[in-house]
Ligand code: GDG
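One chain follows as structure tokens, the form predicted on its own.
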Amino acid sequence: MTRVTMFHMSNLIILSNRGPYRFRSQSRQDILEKCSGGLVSVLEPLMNQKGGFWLSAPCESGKSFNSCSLSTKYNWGTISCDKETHKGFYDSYSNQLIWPIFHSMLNKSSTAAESSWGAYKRVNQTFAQATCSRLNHNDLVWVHDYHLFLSPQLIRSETNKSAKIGFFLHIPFPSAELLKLISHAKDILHGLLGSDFIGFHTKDYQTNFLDSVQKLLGYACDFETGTILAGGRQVKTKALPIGIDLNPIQRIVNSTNTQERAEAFRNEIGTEKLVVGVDRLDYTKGILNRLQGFEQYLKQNPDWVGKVSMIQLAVPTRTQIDEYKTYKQQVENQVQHINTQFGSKNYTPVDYRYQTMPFNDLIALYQAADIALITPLRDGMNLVAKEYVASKQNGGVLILSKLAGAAAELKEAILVNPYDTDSITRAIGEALKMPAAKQQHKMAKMQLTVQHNDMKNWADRFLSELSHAE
């Protein structure tokens, strides 16, 4: 790995909390490994295609550097940030205040996190300063997600370069009434309005943002065109649902090894039907509610006991936050309750896996599953739903929460109220009984949607909007 001092690869600069790679300590050495997660899975292929510079927060090891050259078309650098400041910025303000309120889960928010506003602001300032130090005229700066709400305006105020600044929000945007619960809501809106163009997953999120700007700041908003007149500047907004990179999925799907691994999954489970859930172990993902719906189905349909099983992949996340530790215990207690109630020597109703899974195996798991049960209580998009659809060849049924952004596109899924156990139970029954021809028809329509709105299309549309912003 060689260090470089300047960036001349492209005029695209991406800012996000999580970077494409991280350093993991192993045998007193730092091992570079690729990061997981929805944002990285979308942006890393994009940057490999287009080139540019990616600026992120320090790795988990605390290692930071100005810029490093990877075996890619882009360079990657991190800001400098001490652990205490990053904890206040990330664990506290971002994930114990913004995250729950923006997901409409007020009972999970912590008012104590308001005290970390200073840390949140300092990290955003550091991102802005690091960006401005390498900014050239006509660069495109693309800021990502709720960790960096303040960065667009801070960048704009610290440079006289004619760069275009864009922002994309990967989570829902709440109503103005919920946003008001954050003391610095106006500062957040002002920060976002430093952008030339702002993208959201759905029209509802865009409308909530415009409504908040109008009610809290008093700026004129044109809801039809998505345009805001803010302090003499025009800011454009638009709903642009994010897509997935289909190329690697198709390569994996067509691999003989994948088909063999899918068959192995089915043999491991040994039941007639397989339901799969794949999520980070986050309270917004509705895993507990989903398990309760599955339990109720087995209670009401004893003839299906021994014939249908569920694999729930729960990917560890934010393990240092107490709310997540509590939720993990609740989920595991529910799994044990179901397996004790219905399981036997030769039958495990819920195969719970608290782990990450290699992407090749994940695609094989999707292929093996008759049903994907994706029931977040609130979700900006949910790329798992799109990955499942893209992985299927012969039918399969997607059960999807109405409160996931993906529900606006994947209308052929069985849509459920994730808070309603009966709704989930009925959907499982409908999916298990759905004829093969109907499955194939619905899946084919969803696959066309996923293909049309893939990652490349999403990125090209966003960058085109940003390039042409006034």
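Everything numeric here is computed off the predicted structure, so don't read it as measured data. All residue numbers are counted from 1 along the displayed sequence.
This protein has a second form, the form predicted in complex with ligand GDG, left out of what is shown; the following refers to that one.
Chemist: If you check S391, T78, T202, N382 against ligand GDG in the model of the complex, which one has a heavy atom within 4.5 Å?
Modeler: None of the other options qualify; the answer is N382.
Chemist: Using a 4.5 Å heavy atom cut-off, which residue among I171, V213, V276, L178 comes into contact with ligand GDG in the model of the complex?
Modeler: Of the listed residues, the single hit is I171.
Chemist: Choose one stretch from 436-444, 419-427, 35-43, 49-57: the one whose residues place a heavy atom within 4.5 angstroms of ligand GDG in the model of the complex.
Modeler: Among the candidates, contact is made by 35-43.
Chemist: Does ligand GDG get within 4.5 angstroms of any non-hydrogen atom of R261 in the model of the complex?
Modeler: Contact with ligand GDG, no.
Chemist: When the contact criterion is heavy atoms within 4.5 Å, does M357 count as touching ligand GDG in the model of the complex?
Modeler: M357: contacts ligand GDG in the model of the complex.
Chemist: Look up in the model of the complex whether K121 has a non-hydrogen atom within 4.5 angstroms of ligand GDG, and give yes or no.
Modeler: No - in the model of the complex, heavy atoms of K121 and ligand GDG never come within 4.5 Å of each other.
Chemist: With a cut-off of 4.5 Å between heavy atoms, is I98 one of the residues that contacts ligand GDG in the model of the complex?
Modeler: Looking in the model of the complex, residue contacts with ligand GDG do not include I98, since no heavy atom lies within 4.5 Å.
Chemist: May I ask you to list the residues of 276-293 that have any heavy atom within 4.5 angstroms of ligand GDG in the model of the complex, in sequence order?
Modeler: Residues within 4.5 Å: V278, R280, K285.
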